[in-house]
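Only one chain is given next, in structure tokens, and it is the form predicted alone.
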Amino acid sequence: MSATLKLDFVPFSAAPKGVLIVFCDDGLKFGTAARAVLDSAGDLIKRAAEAERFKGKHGSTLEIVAPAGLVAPRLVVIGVGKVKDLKSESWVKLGGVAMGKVSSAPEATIIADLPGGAPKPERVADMALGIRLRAYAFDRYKTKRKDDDETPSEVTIGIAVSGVGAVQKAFASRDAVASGVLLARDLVNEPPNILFPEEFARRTNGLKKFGVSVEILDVPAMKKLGMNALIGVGQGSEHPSRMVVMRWDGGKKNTPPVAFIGKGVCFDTGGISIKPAGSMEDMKGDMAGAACVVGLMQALAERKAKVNAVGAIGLVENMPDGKAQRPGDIVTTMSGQTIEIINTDAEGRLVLADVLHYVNKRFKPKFMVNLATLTGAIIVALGHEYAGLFSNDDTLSERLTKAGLATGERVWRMPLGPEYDKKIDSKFADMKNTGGRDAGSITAAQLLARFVEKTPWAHLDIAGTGFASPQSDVNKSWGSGFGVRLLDRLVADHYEK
């Protein structure tokens, strides 16, 4: 079972407890506080570094068990590379590396200083964020430990710093963002027999304790609005569809909100156009966009963001029973536009079409960003390293790109254009829901663009980053929580007053 993490900030003068972690640069130099503790070890670190060819490269580690001259049962030296090159995300990574070295110990002390002086409180807070992200594990359905699993029930980490109060203040907002990321990961990791649309919607009520208003629309309510595209996707499932609208009003009254929309296909069989059996179990993660929006709304509310924000998610289950939508069907969306169904496995864009139109008409937001595990084609184009970014607004696109670089949740802008629009024109309706294999991610985005009018909008295709993405120093989970930190940074940098 995973351990409960207890994170404390303590002054440099406090006596280290448990595993001792210190940082060095690429010249094997230490900060003043670390040297004061390590002096009793003599040249132990130098000799160990020579034996292990440890140079202090960023993220590299040197581990010494039962170090002579120190009370600590284990000493871990983490390299930071060149101190002048360290950025915010560098410290997040270092926190993840540190957590990876202490997860099997009940107690540890991290001395957070560097050659040349103690890092700024914000950078130490970034490191603590990395620790929280790395400590996450989803094992609630495991009933037995493995024989070799000696993970303690609780891990206490003391981070020795200069100026405890300033670090605690800087960490408060990052702690809120971490909670949002972990909530998103939980939702993505849940099995589909547990997290079907009604249950997903019910869980969003947990945001109310942070001051978020939550409105849940059932199928009759959506029918009344004319949301036939969304309803059509879920009509073959025993679990009825839902739409959830979340609002955080932290900005000035009557100020237009920023808006985030998520695709929430709680399980995607492909419907009548059924998917192959191989890896179909991964389709429990086809709601990663909705999970991100819920996590983001918690993060914004928990850190009391000075912004008005709307989060809206369409929750469906795409199943192939006798009532299921068929290829050849034509549905009328809430906007009045009609869509011919060519492939029932191109369902996410149908859900988003109605939710985008609803949010745009009701809230008239400053911008809309939607997230969706929309196409396998984006993985062919970008792999699992970047999310695809499609936008009708250069400013919003540039801000998202910079936020991605700052947080490590990177996006890559893809093209939109009328030439691609031709591929989704239909003989029988206003458009069809797929334009074929060529430019599959682009034609999906072109369809969404028809439902946003002139509102600044960005579509993030997170099929390669929302789940089953490569593990990193800050994420060892199948569900990544991708997008929460990216969008929180976007809001914090540009839309709070």
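Please read all numbers here as calculations on a predicted model, not as lab measurements. Heads up: residue numbers just count along the shown sequence, starting at 1.
Keep in mind that the form predicted together with a small molecule is missing from the display, and what follows is about it.
Enquirer: Tell me, please, which stretch of 114 to 122, 131 to 139, 371 to 379, 404 to 412 lies within 4.5 angstroms of the small molecule in the predicted bound form when heavy atoms are compared?
Expert: Correct option: 371 to 379.
Enquirer: Quick check on this chain: which one of S103, N343, S179, T332 has a heavy atom within 4.5 Å of the small molecule in the predicted bound form?
Expert: Looking at S103, N343, S179, T332 one by one, just N343 meets the 4.5 Å heavy-atom criterion.
Enquirer: Among K423, R203, K275, R74, which has any heavy atom within 4.5 Å of the small molecule in the predicted bound form?
Expert: Result of the distance check: K275.
Enquirer: K263, A463 and F467 - do all three of these have some heavy atom no more than 4.5 Å from the small molecule in the predicted bound form?
Expert: So, yes: the whole triplet contacts the small molecule.
Enquirer: Does R349 reach the small molecule in the predicted bound form, with heavy atoms at most 4.5 Å apart?
Expert: Yes, R349 is a contact residue.
Enquirer: Consider Q446 of the chain shown here, and say whether it contacts the small molecule in the predicted bound form, taking contact as heavy atoms within 4.5 Å.
Expert: Contact with the small molecule, no.
Enquirer: When the contact criterion is heavy atoms within 4.5 Å, does E317 count as touching the small molecule in the predicted bound form?
Expert: Heavy-atom contact with the small molecule at 4.5 Å: absent for E317.
Enquirer: According to a 4.5 angstroms non-hydrogen atom cut-off, is L195 in contact with the small molecule in the predicted bound form?
Expert: Result no; L195 lies far from the small molecule in the predicted bound form.
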